[in-house]
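This document starts with one chain, in the form predicted alone, laid out as structure tokens.
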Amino acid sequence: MHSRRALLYMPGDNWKMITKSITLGVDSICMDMEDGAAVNKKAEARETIAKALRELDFGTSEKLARINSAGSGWEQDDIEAVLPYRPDGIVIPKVESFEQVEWAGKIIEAAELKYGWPVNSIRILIGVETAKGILNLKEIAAHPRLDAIIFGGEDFAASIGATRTKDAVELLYARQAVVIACAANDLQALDIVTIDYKDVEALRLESEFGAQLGFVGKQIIHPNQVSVVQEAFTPSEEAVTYAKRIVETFEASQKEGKGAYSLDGKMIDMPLLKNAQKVLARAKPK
């Protein structure tokens, strides 16, 4: 699992775009059979993704495949088409219940046992993008095979009848709910897509705000968005230096038998130490 996830979607039926994606140095490449593939291109997307997993070298980029949602009628064929070629993870969109994750988990485990792969080596990432999905987060996020929850802002706004705005205030409660569920279950929280991929400044601001909320990555729909998102979710040199000082001084303070102590006029205690450790973990994307 990457300590930071800039997750780039590629249409599953577009070989040219998939081959381009592996040159970008992006953390995660998600080849898409769902929204990124037209209804009459679903079968082609399955074949193309299987070919990509079989033939391409993804380098350090995580290789993911997004299937269609449970109940769509396509999900079984999708997951069975790509699993034999061992993606790093399966992305399930529009998840609303624990059972939908468990369905995929059982199929993946059967494949791992069949091919002699380590159990739990293929992870699951889920999209939560409806009112029901947000309400059921407590149960859903407890699934042992989960790695990350991806929040779908556009679909969520539609599901509650909200109007999307540039500052995304209408999504704030749900975004925080996803971050909290992920933090409670040691999962990664991945933030909304910035739809206007040409507006780099809007992307930067939205990415920085997402990082402030506690997200550790973001969905990307265009190569131009990669570097901006990666920078926003990688702690600055200043933040890393300060985090190192907290860790070092905390250890020294503990040895002296002190609890909370002062550093640069601020009281440092266990919660701030844990935050500093998270900053240092995020500073070293795998």
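Quick note: we count residues from 1 along the sequence shown, nothing fancier. Please read all numbers here as calculations on a predicted model, not as lab measurements.
As for the form predicted in complex with a small molecule, it is not shown, yet the points below apply to it.
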The one option of Lys244, His222, Lys51, Lys41 with any heavy atom within 4.5 Å of the small molecule in the model of the complex is His222
Only one of 248 to 256, 30 to 38, 52 to 60, 230 to 238 has residues with a heavy atom within 4.5 Å of the small molecule in the model of the complex, and that stretch is 30 to 38
### Query
Does the small molecule get within 4.5 angstroms of any non-hydrogen atom of Tyr197 in the model of the complex?
yes
| query | Can any non-hydrogen atom of Lys266 be found within 4.5 angstroms of the small molecule in the model of the complex? | reply | no
Legend entry - Heavy atom of Leu272 within 4.5 Å of the small molecule in the model of the complex: no
With a cut-off of 4.5 Å between heavy atoms, is Lys278 one of the residues that contacts the small molecule in the model of the complex? no
